Structures are given as C-alpha cells and as structure tokens.
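Heads up, the chain below is alone and in the form predicted alone; it's given as structure tokens.
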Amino acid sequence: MSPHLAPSSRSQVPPFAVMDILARVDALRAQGRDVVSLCAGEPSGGAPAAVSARAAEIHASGRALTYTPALGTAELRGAIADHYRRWYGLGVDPGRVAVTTGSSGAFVLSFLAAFEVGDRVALARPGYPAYRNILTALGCDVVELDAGPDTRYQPTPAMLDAAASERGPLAGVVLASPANPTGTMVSREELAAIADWCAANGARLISDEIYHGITYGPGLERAASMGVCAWEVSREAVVISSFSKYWGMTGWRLGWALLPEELVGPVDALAGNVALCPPAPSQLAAVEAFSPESYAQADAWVADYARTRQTLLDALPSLGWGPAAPADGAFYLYAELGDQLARFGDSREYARQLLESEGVALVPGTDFDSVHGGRAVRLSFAAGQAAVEEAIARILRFQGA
C-alpha cells in the first residue's frame, strides 16, 4: 500500500474492548453456549412502555420521518429543559439544548467546538476510554490524572494544578459523576471546586452526567439527589447526558448537551454537517420519557439495580477480590482481583478464561486504566438480579477450579 494511502495517525486509537467482548459473546451464543454477560452498560428492561407505545403509534401512522433541525425538535428540546427544572430546579433555555446522536455524538460535537488541535485536556484514570480516544482522534493532547481510592477515583484541583505545572496549561477537564467504571460521584462542593479551578485557569469543564438518576443512598435506598448538575455551579460548563442509562434507551441513539451560549452556534453548524440531525423517530417518541409513567418505571428499575448491587457487594468477601470502588451510582462494580492475579497474571487473561470456560463476560480494567487496569475488572449489574446471581456462582466455581 502506498504510504499516501495509509490511515491517519489520529485514527490509530485502541478499540473499545467491550465491543470486542460482546462480539465474542455473540459468537459463543451462536455455538449454543449459555453466556451471562455483565460486560455492557446496557439496562435489560429496554425503553419505558410509554416511549415504546409512542414509537409504535408514529410508525403505524405512516407519518413521513424527515430531517429535523440539526439540534433537535423544538418539542424535545423544550421537554429536556423542563426536565432540568423538575429534577434540579434549574431554568434552562431550550435554545441552549442540543439533541445529539447519543451522548457519543454530544462528546464529538462538544470537543470539536471547545478545543483546538494540540489542546491539553485532563481526565481521570480509570475512566471511560472513549473520552481519551475521541480527544486523541481529534488531535488533542490527553492528560490523564491518576485518581485512586484516596480521592474516590475522582479528579481534584490539586491534581489539575500538578498536571498544569508538569504538562502546561489545560484547555479542558472532563469529569464524570457517577463515573464509568467506578460509579463514584463528586459532591456539590467538589464539583464547585473543579468548576472554580476551570474558571480561574481558562479551561472548559465537560461534565458527563449520563448516569444521573441512578444513585444509591444508605442501605438499598435511592439517594435523594439525582446527582449534582454542573450548571448548578457554572453555566460555562458543557453538560452531557443521554436517554441510554436511566431510561434504558441504548439503541435509540439519543443524547443531549447543555451548551454555554458561545458554543451553540458552532455546535449547530457542526451537527448539521456531521449528522444532519439526530434520529427523527427516536426524538418524536422520546418526549414520552418525561411523562410521570416513564419516570416511575425508570425509578423502579433503579430500585432493582440497588438490590442487585447489594447482592454483588455482599458476595465480594466470598469472591476474595481486592479493593472495590464504592459504586455510589451507575450500575458498575470496579474491583481489583486480589489473589487471583497470582494465578492468571492480569485481568485480561482472567476475563478471557472466565468467558471461555464458564461463559461469564466481564471487562478487564485495562480498557479503563492503561497503567493499573491489569489488576481490576468491571462488572455491569444492569443485567439484573438473576444474571448476577448466576454469574457469581460461576465465578466461584471458576476460581475454585
């Protein structure tokens, strides 16, 4: 191949391991194997019934599903703005809401609008690998912050000071609360401190809030807060969320961003060029996600996650693993493998052998942390109580082999 035809250097990012594992799960199931998949952050319940019913009505009506405005329909943007008033007491101008093709589309558009090629953008490690890989593909310089149990796997202003001193000024900070893979959250005071640091240092805060609404308080009770929205402490932040997690609408590919005024125009122009518009049927049906019935159904799912989470936490001593993140929210457990590392070497080999021999799919921590991730695995308990109980039984059998 001519060197002039080689793929760009910016495209050379590692694949998201979860997708490779899911492909192997599909292959094993095609062979007739019974596989328990705890690898994807995908709620098993699907969309709320009201959303599905509305989608069926739309398709049955024969209505032409044409392009919508690049930033989404006025009806959905208004419904999202009302959601922020309802959950957080925030007044949000619908004109500052950008509906996107999943939260992934929101990240691409926001990063493009906010950062120049070569800008340094900080994010916590362990963290969701797509942040790093999208930023890298866009030509940004990713600055990873080594966030461990002492800071509950979240970044701090002191880390940002150290990173800026060592690497140079930061143009942006990506924060996730609840975070993937750890499920940890920041308090209002911690979020305000990071927002203040960004304001003082000319950095743009990008706040990933796609797991808001899936939080846990004492025991098995739902936390009173949905999570703190970054716009409660700074309107200069970009807030990104999605219908995929709390509402269980992963395949509908619909997310959104709350944008500072100066980014609305650039994101609008970029969105019209990149994707024209988000999926029209998803937008038309998603308005029903904000109905009382849909909120109630999603809250019932969160109560189920809480019970399943407790089952997993109760099983940790018998599993004999090492330290685990507290999982304040989302539906993940991120834990070190402890003594199992002496037998398997690292989390990739542990996960590979567990899948092949017992049919349990987990994600090795290397997907989220290139430095320390070889010691840890991530389990998604969104698959539900029965799946988690069966997985625990198989893991115990595997480790006892």
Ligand SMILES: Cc1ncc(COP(=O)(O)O)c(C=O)c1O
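Each residue number is its position in the shown sequence, starting from 1. None of these values were measured; they are calculated from a predicted model.
Heads up, the form predicted together with the ligand isn't pictured, but that's what we're talking about next.
Counting only non-hydrogen atoms, which stretch in 72 to 80, 239 to 247, 316 to 324, 286 to 294 is within 4.5 Å of the ligand in the model of the complex?
One stretch meets the cut-off, namely 239 to 247.
Is there any non-hydrogen atom of Y153 lying within 4.5 Å of the ligand in the model of the complex?
Outside the cut-off, so no.
With the partner left out here, check for me: in the model of the complex, does some heavy atom of I210 sit within 4.5 Å of the ligand?
Judged by the heavy-atom cut-off of 4.5 Å, I210 is in contact with the ligand in the model of the complex.
Residue-level question: is F107 within 4.5 Å of the ligand in the model of the complex, judged on heavy atoms?
Residue-level check for F107: yes, a contact with the ligand.
Quick one: does Y305 come within 4.5 Å of the ligand in the model of the complex, counting heavy atoms only?
Taking the distances in the model of the complex, the answer for Y305 is no, it never comes within 4.5 Å of the ligand.
State the residue from W231, W197, Y128, W301 whose non-hydrogen atoms include one within 4.5 Å of the ligand in the model of the complex.
The residue in contact is Y128.
Would you mind picking the one in R120, R253, R235, R96 that has a heavy atom within 4.5 Å of the ligand in the model of the complex?
Looking at the other structure, the residue within range turns out to be R253.
If you apply a 4.5 angstroms heavy atom cut-off, which residues in 108 to 123 are near the ligand in the model of the complex?
Heavy-atom contacts to the ligand in the model of the complex: nothing from 108 to 123.
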